[in-house]
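A single chain comes next, written as structure tokens; it is the form predicted alone.
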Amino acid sequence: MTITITDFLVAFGVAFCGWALQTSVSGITRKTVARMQKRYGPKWYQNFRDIFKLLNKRAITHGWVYDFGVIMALAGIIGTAMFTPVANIVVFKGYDNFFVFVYLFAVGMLGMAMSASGSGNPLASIGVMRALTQMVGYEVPFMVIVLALIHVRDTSSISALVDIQQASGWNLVVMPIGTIVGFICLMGMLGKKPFDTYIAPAELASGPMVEYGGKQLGMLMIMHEIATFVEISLFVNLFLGGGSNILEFLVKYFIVYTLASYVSNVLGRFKIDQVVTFYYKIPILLALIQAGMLVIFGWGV
């Protein structure tokens, strides 16, 4: 496959549209949650206003590590989004490998960790340690499920997995237990309650982002929205059959994010040790059961 400048422009367009989509969906969800709680809530476009306002503010610096980490975090997540299949839009077909997503996503997360640690604020360092600890918790059961799926389907290409589901049925039906595990892990990826331990506003003053303001905070807000777009899209593509068209994909995307947000708003927060203990008990047990059903017995395939 020959990659052209046009491909890069289209891929960047996917990342930009992903940011715009998720920022809009996030604003709509904030509004609906507020109404459910008998509050008026902000305008649905408030997130856009916050980001643009921050990008126009002056910013302080704590050194080149602090500044470079923000750029690295944003660039890593944008790069990940550029490889994300959206319905029938697959820019780098053949390179949309699950393991490419794992490596590129890690670049963004490590950039964030490096920058926050470089701020010199102990609350930011504690937040980073909690975030990395939580990653160790949810990534193990999630990888067990995905690796079993890749083994059974004989491909690690996200678009190929979507094509298989479009032809033979969603993985939600093939592996319902695995889909439940995937959703629980998705809650941890998104930092939704009860897994928002690394943010913990009452304890860590917003965790890793406590020292940020101005342009850096605006860039990290963009990074967060794009990262959410990638994570929700990955779940939709792996378990819900992706989308045969843009409308189908967007409907599934909206349902998954809204469900995660609504569940989050009726739960409390785990302590960090409770997060890891939980993931290494229930989700990993269910993941191993589902993997055994797929790989050893071939049930559902």
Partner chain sequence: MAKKANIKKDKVKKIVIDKSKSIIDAPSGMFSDKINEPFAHEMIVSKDRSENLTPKQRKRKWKSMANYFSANSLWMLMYCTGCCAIELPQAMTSRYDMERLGMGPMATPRQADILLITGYLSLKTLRRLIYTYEQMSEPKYVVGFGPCTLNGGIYHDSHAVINQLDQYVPIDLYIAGCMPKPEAVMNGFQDLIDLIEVGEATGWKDYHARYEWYKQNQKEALGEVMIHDEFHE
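Positions refer to the first chain, counted from 1. No experiment lies behind these values; they were computed from the predicted model shown.
Beyond the structure shown, there is the form predicted in complex with the partner chain, which is absent from this document and is the topic of what follows.
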| property | result |
| --- | --- |
| Listed residue (74, 210, 128, 152) with a non-hydrogen atom within 4.5 angstroms of the partner chain in the model of the complex | 210 |
| Contacting member of 246, 60, 263, 255, with respect to the partner chain in the model of the complex [4.5 Å, heavy atom] | 60 |
| Non-hydrogen atom contact residue 50 with the partner chain in the model of the complex at 4.5 angstroms | yes |
| 4.5 Å heavy atom contact, residue 30 and the partner chain in the model of the complex | yes |
| Contact of residue 54 with the partner chain in the model of the complex (heavy atom, 4.5 Å) | yes |
| Contact of residue 44 with the partner chain in the model of the complex (heavy atom, 4.5 Å) | no |
| Location of the partner chain contact in the model of the complex, chosen stretch of 180-188, 107-115, 215-223, 88-96 [non-hydrogen atom, 4.5 Å] | 215-223 |
| Residues from 30-44 in contact with the partner chain (non-hydrogen atom within 4.5 Å) in the model of the complex | 30, 37, 38, 39, 40, 41, 42 |
